[in-house]
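Read the single chain below, which is given as structure tokens and is the form predicted alone.
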């Protein structure tokens, strides 16, 4: 019970990595807020946690909408009194060569990843600071926070940006014992990645099998996908590490796809 009685908000928690983190946090004793733009899926995930006799609530929120973020935070504070941990996980992807990339898709992706992270962080910090109980802000980066791949200009840009935001939060939050760190997963076989495989295949003119073997997993040490459980383990580590000794850092979880 490493998070016993802690309150954790996980955005994009209705499926994929976010759901795995939420389930793991609940198992470790946290009261988990399932924050997602898909209200029905968010409620389903919360109910799944409740059936396992853990505590959870669902909130519908578009993380790019300032008013919705503030309202969601009001609901959380009303229900639980405050927040100890934020996992800013909501994200999306768009595959396109740069010269064909619609500006609208560029703006949409950066808004979800960066505006969403900023708005959720600000809303949490406004409560964390005066409570005086510290806290942990965890951003969902990527190996693309460290290096680039073709066809992913807005995604790579956004994931690099999260590291910059994290470092500022780590410095500003230190006097309040609020820590900030970034998880940088390799390819995780979520619905988002499954959608990318045929898009990358089309963009590169190769088969989907070749995309997996020669693009996605080519540089791993064992030819394996990172799992949602791998990422949840790191999220738990960051959330339960109660010291400023570990802040402003980014940890790559990629089966060696990227080595620092």
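Keep in mind the model is a prediction, meaning the values are calculated, not measured. Positions refer to the first chain, counted from 1.
Note that the form predicted together with a small molecule isn't included here; everything after this is about it.
Chemist: Taking the partner as it appears in the predicted complex, which of 76-84, 127-135, 105-113, 163-171 has residues with heavy atoms within 4.5 Å of the small molecule?
Modeler: Every other range fails; the passing one is 105-113.
Chemist: Applying a 4.5 Å heavy atom distance criterion, does residue 38 contact the small molecule in the predicted complex?
Modeler: Although the small molecule is absent here, residue 38 would touch it in the predicted complex, with heavy atoms inside 4.5 Å.
Chemist: Taking any heavy atom pair closer than or equal to 4.5 Å as contact, tell me whether residue 179 reaches the small molecule in the predicted complex.
Modeler: Because no heavy atom of residue 179 falls inside 4.5 Å of the small molecule in the predicted complex, the answer is no.
Chemist: Could you tell me if residue 205 has a non-hydrogen atom within 4.5 Å of the small molecule in the predicted complex?
Modeler: No.
Chemist: Would residue 49 sit within 4.5 Å of the small molecule in the predicted complex, counting heavy atoms only?
Modeler: Flag for residue 49 set to no.
Chemist: Please identify the residue among 201, 212, 234, 193 with any heavy atom within 4.5 Å of the small molecule in the predicted complex.
Modeler: None of the others qualify; the residue that does is 193.
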